[in-house]
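Okay, here we've got a single chain as structure tokens, the form predicted on its own, with questions on binding and movement later.
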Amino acid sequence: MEAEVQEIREHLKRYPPFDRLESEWLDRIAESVEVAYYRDGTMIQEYGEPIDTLRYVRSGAVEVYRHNGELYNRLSEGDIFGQTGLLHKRQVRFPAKAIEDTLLYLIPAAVFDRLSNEDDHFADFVELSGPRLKAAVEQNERENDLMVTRVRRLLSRSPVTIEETASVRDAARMMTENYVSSILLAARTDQNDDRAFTGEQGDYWRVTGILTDHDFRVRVLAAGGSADTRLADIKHEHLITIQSEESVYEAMLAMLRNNVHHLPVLHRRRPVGVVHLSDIVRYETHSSLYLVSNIFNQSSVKGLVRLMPDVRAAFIRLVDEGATAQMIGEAMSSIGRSLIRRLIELAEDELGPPPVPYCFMVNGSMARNDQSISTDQDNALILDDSFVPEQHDAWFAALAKRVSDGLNACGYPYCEGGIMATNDKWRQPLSVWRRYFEEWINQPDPERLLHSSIFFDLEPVYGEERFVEQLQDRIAERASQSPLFLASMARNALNRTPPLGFFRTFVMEQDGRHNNSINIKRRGTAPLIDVIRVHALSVGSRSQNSFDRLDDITRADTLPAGQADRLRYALEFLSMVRIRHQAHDLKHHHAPDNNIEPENVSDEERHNLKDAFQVLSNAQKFLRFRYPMPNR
């Protein structure tokens, strides 16, 4: 083989889709290639003109445009273009221009056609080259469609519900007719309070209990009761429920701790189903069950710390099994919440019962259900308004310290910004939190915007969940009605830009510690999450997870067609790059971080990284346009 052909062959095999071709194909392509040179500013192809070669960028840079002249893509070494025209009547669909002196390899249409027919991977690549990022993400998801995490996904039917004033006979008849082993009890209420849901007739109801086949046997038949016994007289006093957005881990956990086999599932106080233990056993892996349940078997912080190698092993296992970023984030968040709950239980055992009702809430990544293996603490306490600092704060300060110290011992470092319940400012009654949120929305300044970007991702972990739900409602109602706040949040979301240079080259960190690397969290996932949060706030979304927020945004139909999907694929891809990098660090006994070195990722992944960063860049540009600063 001539030296020139060999050089072409070696260059091609470095870049997708040629990197997966067999040697015979690489030889054939290299021997067929013609070389073309274009000076800076020269048009390479015009819309509608005939095209008979696939174009491969050997060196230089090319801009590809839509028919209307809008910039579609900017290409560099190793990229291809022209395939759309070859696949559609041999006519150029996207004009292209050299934006610096450029050398192209031209692959004849006959070779292109034969390759597309005989190599599935090549065919997939060129036919999906527009949504290449989408194809990469969906390929990963296809390999893992058995893994689901939200408890709502285990529900197959609506719950069977009966008024608690009905008789045992009525309930048994209804259960038989509906082929169920449990039935929910409900009672009317005159108040639309934080425990009520609205019925089909517009009246208000509360879920008051659940009865199972086992209850009828034990509480009626074995006790000599009558079939006319009122259901309210035999129901359990304390109803255990779970929210539909909680993970399967947490549903399993609630069952184990409370020794129940049926768990009513609520969506913002409305019953939406009942999960049985067998549903979870069918779903979950034995290792996951073991790890989460083991957290609640520990009687000390030292015992929890000893489980941390298991947590890291579970993280690596999920990555190796090909779980998606969303699945891994939810699993790690569930483990983190379980640790907090156990730490609170241990603290209450020492401190005694709380002096007033409270809710321990988490913020940031744990609230969004996208936690990774390397993350610090973000948490706060919401106290009942009967809280009197002089009488009660010592108890809550001690609780916060025990939880924060315990998390730090388990590998969740203290928040350098002090976003923890140990901070007096973040240990306040509900009325104060309401005032905080009102001020942040009505009078945004840099500090308040920073707080909004942290605390407006919030989920309850322990105690009175209704406190957090009230704050979530307040955010959804107020933020969407405040153009000034949305515009301010939008500009705040532009502070961190993707690491792409003008020619789609990577812009490396030069901070002295991680030179020639990219902080994939700071320059990728975090600003993408910021963009999604702004859109979610604008449509009044109450979801906390970024993927769920994108669902809400899509339903609101406020973005140009396809943009929400592009954001979803970019977030999933960037998150997986970060997660795989951290798993690699753990396997090699390094402390996991967020700094990736582009030369250590594959060519295909490097191309997809550029695509994902380009999606982020475009989304940030749109954000400024979508939320203009109103005149004051």
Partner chain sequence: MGRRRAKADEAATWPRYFADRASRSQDPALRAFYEAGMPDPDTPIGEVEMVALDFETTGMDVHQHAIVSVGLVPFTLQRIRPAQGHYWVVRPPRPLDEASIRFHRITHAEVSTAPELDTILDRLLSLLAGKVVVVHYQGIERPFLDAAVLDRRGERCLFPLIDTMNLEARQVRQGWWRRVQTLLGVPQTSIRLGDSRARYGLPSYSAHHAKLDALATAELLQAQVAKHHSPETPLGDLWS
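C-alpha atoms forming the largest set that superposes within 1.5 Å between two forms make up the rigid core. Just so we're clear, the structure is a prediction, and the values are computed from it rather than from any experiment. Residue numbers count along the first chain shown, from 1.
The next section is about a form of this same protein that is not shown, the form predicted together with the partner chain.
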Review point. Looking at the partner-bound form in the model of the complex, is A36 within 4.5 Å of the partner chain by any heavy atom?
Key: yes
Practice item. Examine S59 and determine whether its closest non-hydrogen atom to the partner chain in the model of the complex is within 4.5 angstroms. Key: yes
Check your understanding: Is D52 a contact residue for the partner chain in the model of the complex, using a 4.5 Å heavy atom cut-off?
Key -> yes
Practice item. Although the partner chain is absent from this view, report whether L103 comes within 4.5 Å of it in the model of the complex, heavy atoms only. Key: yes
Study note, to complete from the structure: Checking E31, E597, D565, D585 against the partner chain in the model of the complex, the residue with a non-hydrogen atom inside 4.5 angstroms turns out to be E31
Review point. Counting only heavy atoms and a 4.5 Å cutoff, which of 67-75, 90-98, 104-112, 340-348 contacts the partner chain in the model of the complex?
Key: 104-112
**Study point:** Shift of Q45 between this form and the one not shown at or above 2 Å (CA, core fit)
**Key:** yes
Review point. By the 2 angstroms cut-off, has the C-alpha of I335 moved between this form and the one not shown once the rigid core is superposed?
Key: no
Check your understanding: Taking the rigid core as reference, does H11 move its C-alpha 2 Å or further between this form and the one not shown?
Key -> yes
